[in-house]
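Before any questions on binding or motion, here is one chain by itself as structure tokens, the form predicted alone.
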Amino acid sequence: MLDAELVKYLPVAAVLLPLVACIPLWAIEQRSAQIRDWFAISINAISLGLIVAMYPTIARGGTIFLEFPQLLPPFGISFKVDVVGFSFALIAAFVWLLCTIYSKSYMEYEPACNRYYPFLLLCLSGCLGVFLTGDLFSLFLFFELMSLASYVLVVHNQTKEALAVGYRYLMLTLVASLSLLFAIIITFEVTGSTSLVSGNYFPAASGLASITFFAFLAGFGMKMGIVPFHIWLPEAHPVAPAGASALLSGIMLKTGAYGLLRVIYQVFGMETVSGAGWQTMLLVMAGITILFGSALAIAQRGLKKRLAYSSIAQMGYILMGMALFNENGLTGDVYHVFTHALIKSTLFLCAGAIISATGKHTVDEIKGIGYRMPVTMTCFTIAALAMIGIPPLNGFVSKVFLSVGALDAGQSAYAVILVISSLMNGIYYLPIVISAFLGGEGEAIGPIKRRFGLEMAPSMMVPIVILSVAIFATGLMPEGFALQLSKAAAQLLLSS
């Protein structure tokens, strides 16, 4: 058991370690690519270990809080870890470690590796900072760090398409940042504080409260990728390297969801949001996002672009869960953060392995790929079935909780939307799986690049297999660790 004084510094260490590690990484990478790769992986692993070390305190229902009020006055910098932030940070660090391991071999065939890893660590620091900070201003600083660093990952290949997409991403990031800063300044002006420890700053709806809420919604909604703030997402994910795509979709979108959760439940409160009619608006936005993302995913022929549009739909699930205002809905909401992180990371990493080995980018070009890359396509199939919601995989569990939450809230239409969305998921995932294993021997694919006599390098295969096992494990043990954390997080938010 760690000393209580030492525990207070764990979130600071977890956030700052990847940030500080970028400095020696710049020097190491000039000398040895192998040392560079393992150094980046080690930093990821240590950050994950620091987060895991917080669990005994969180499991007792405790909160870790540390404040530096003299830094950047008048706001200061603070760190606060409760079960909500811990849950998001844990899944982020876990998936980040696996994606970094995957990148070790995948990036051998990509340019500018010496630039990739420092910015991957900067993004990790920013993401963990968002999840582990204790006030809105600190959250904003780390949100900015993550957003600007992720731009470099989006434009990594420096193709004309990547640079054009990156420019759009950067402009929308700046709009989101200004919107958030505007909302935070209003909150500080009205209340004299931006702390998430106290919260509930707007006990009643007013003109100023409405402006503040919509500014927060635009800022966090842009990063989350919900309709109508989604326009950057379908283009940014396909052009980024596979490891970065997996993190953009699986983790970084969740920073927007996390910020919106805190705003709804701790800056405004359920009574204000419901009384002003914003709850209904959020539910409508969620329904549109789910159906819109699913419909456009069906129309895509590019493999990674289909996955990107699917992510929009999944963010609609998370928006819906946070707007239901009951325990089942919120439990499904937080659990779907775990679910989507595991599933979508698996899908993007599998897509990256297929593209790396075959050079094929479209769904039509990979018929019969299951014969050439059986491990990859088996893992892809597991993740696809989980996304559809087939039991006993984890996607089924989160959809059940979200559906029950919708019924508890008297919003049966949204339970129907979830069913329709699952059918649409089947329409755009099952043809890939069927054609991979039943579409002939894949002669049109041509030879695949084999490493170590395998369909892909072990450092790429192991993370994909671990993620697939995690999809199974969290589904087969529905009362397991992830669901317990999700229930605790829901109860904490509802009691705010």
Partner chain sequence: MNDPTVHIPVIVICTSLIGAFLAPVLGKYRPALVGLMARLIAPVNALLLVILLRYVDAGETFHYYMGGWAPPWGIALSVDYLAIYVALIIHLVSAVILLYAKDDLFGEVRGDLHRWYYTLFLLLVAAMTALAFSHDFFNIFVFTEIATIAACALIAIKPKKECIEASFKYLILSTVGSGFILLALALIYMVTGHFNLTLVAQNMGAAAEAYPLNIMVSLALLIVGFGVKSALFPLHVWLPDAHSSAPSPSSAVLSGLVVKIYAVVLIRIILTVFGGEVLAAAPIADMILIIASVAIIAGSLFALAQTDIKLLLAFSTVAQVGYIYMGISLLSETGTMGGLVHIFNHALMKTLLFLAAGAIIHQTGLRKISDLDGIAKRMPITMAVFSVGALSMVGIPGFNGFISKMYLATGAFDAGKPVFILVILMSSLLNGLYYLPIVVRAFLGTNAEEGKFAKDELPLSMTFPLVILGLACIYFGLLPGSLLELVRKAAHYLIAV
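Residue numbers count along the first chain shown, from 1. Please read all numbers here as calculations on a predicted model, not as lab measurements.
The same protein also exists as the form predicted together with the partner chain; that form is not shown, yet it is the one meant from here on.
Although the partner is absent here, S412 is not a contact residue: none of its heavy atoms lies within 4.5 angstroms of the partner chain in the predicted bound form. In the predicted bound form, no heavy atom of Y109 sits within 4.5 Å of the partner chain.
Using a 4.5 Å cutoff between non-hydrogen atoms, F86 does not count as a contact of the partner chain in the predicted bound form. S206 falls outside the set of residues with a heavy atom inside 4.5 Å of the partner chain in the predicted bound form. Against the partner chain in the predicted bound form, the set F140, Y167 and I185 is in full contact: each member has a heavy atom within 4.5 Å.
Exactly one of the stretches 393 to 401, 297 to 305, 218 to 226, 156 to 164 approaches the partner chain in the predicted bound form with heavy atoms within 4.5 Å, and it is 156 to 164. Proximity to the partner chain in the predicted bound form, taken as a non-hydrogen atom within 4.5 angstroms, holds for one residue of W278, Y371, F75, F214, which is F75. Contact with the partner chain in the predicted bound form, judged by any heavy atom within 4.5 Å, is made by just one of L71, I231, V284, I420: L71. In this stretch, 86 to 115, the one residue having a heavy atom within 4.5 Å of the partner chain in the predicted bound form is R115; the partner itself is omitted from this view.
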